[in-house]
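Coming up is one lone chain in structure tokens, specifically the form predicted on its own.
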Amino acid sequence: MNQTLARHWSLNPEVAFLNHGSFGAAPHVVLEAQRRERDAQERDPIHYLAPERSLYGKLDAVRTRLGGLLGCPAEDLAFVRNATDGVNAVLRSFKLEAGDRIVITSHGYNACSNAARYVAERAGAEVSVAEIPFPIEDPAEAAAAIAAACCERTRLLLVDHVTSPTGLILPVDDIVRAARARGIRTLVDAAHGPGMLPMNLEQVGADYTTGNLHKWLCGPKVSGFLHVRPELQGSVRPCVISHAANTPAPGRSRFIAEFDWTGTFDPSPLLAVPSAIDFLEGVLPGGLPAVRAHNRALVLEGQGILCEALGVQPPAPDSMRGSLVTLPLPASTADAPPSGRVDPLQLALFERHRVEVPIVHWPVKGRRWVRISAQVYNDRADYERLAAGLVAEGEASRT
């Protein structure tokens, strides 16, 4: 662990934390900003939480800051708990008829794929899966696989900007453009986008985009956004219907008002997001672009260390990598155990080698894969420790 930079976080210094991609980790300064908001909320809860008296103004300030980061007007952004919440809001608002199709991908996040299947089943619609190859040699292969899965009955395409199980940056610009030419709406799951990649939502032009602010942007947990094109905002409702459904908020669209208040909630994670942006802009010379470049270079260095130690090859070109890399495990550790939420190898790496890293069983069933991440608190020694742990566990499995 890079001790100089790790001092900004509360992470256990005895553990090589290579799983920033799951929940992220918020720095001290961000947690302190959240703490101040919580204290203010408890000092005067009615004034603080009453939307028209205080809360709307606070949320609007965050929305404006976020719009600048994401490349879109602030009024096109709603707040959600996380990207899965945003995906569900769009899917459950989308009007499907029997025989319609939703296209998802074989690299999609399981929770969001489940949501697509749920709404399709209720409407008598179908879900088609675009089988994106992995290993993959070129981003065009992903775009071609998605195009091939679409047909004249396809109404909506759900696609990740960065795939969760495989860490691939998909060519969303090309994918969205091709879908629009065929009259297909696009929902981009950008859970890993903010903080990992430069983003310009207006330029990409997806109909709907949702993402997390608690992962690579290092905001507190339970902070996300949903971007909807202006002409579609009237048809997108939150999963929880509350007061704004029949009580207009002066100067605010129903889209913004409904998502801003779905019932009593703690807004402190959202209100601390500007502190996270400020932190990332100042933690390295060069600001957030330097952080993104640093993390990408570091995860590719980690990929090289693991490939050499394990005798495996990268399954994707470097051009499709951001701050996540998924690699195949060698035959000695490749057999998948019985199904479960946490792989025994992942537990062994944590308990015996003090490495926190996800072991996944996708994209090839019956095989194990390791997904590494990079944040500025990591260093080369973290990946060397993981490599040594994987080699040791592989040797142990043969005895």
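What you are looking at is a predicted structure, and each value in this text was computed from that prediction instead of being measured. Note that residue numbering follows the sequence shown and begins at 1.
As for the form predicted together with a small molecule, it is not shown, yet the points below apply to it.
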Original post:
For the chain seen here without its partner, which of 122-130, 299-307, 312-320, 184-192 has a heavy atom within 4.5 Å of the small molecule in the model of the complex?
Top reply: 184-192
Subject >> Single option in L201, L170, C112, A272 placed near the small molecule in the model of the complex, where near means a heavy atom within 4.5 Å >> reply: C112
**OP:** Counting non-hydrogen atoms within 4.5 angstroms of the small molecule in the model of the complex, say which of T262, Q233, S93, T84 makes the cut.
**Re:** T84
Original post:
According to a 4.5 angstroms non-hydrogen atom cut-off, is N12 in contact with the small molecule in the model of the complex?
Top reply: no
Original post:
Does at least one non-hydrogen atom of T209 fall within 4.5 angstroms of the small molecule in the model of the complex?
Top reply: no
**OP:** Examine T326 and determine whether its closest non-hydrogen atom to the small molecule in the model of the complex is within 4.5 angstroms.
**Re:** no
Subject >> H227, heavy atom within 4.5 angstroms of the small molecule in the model of the complex >> reply: no
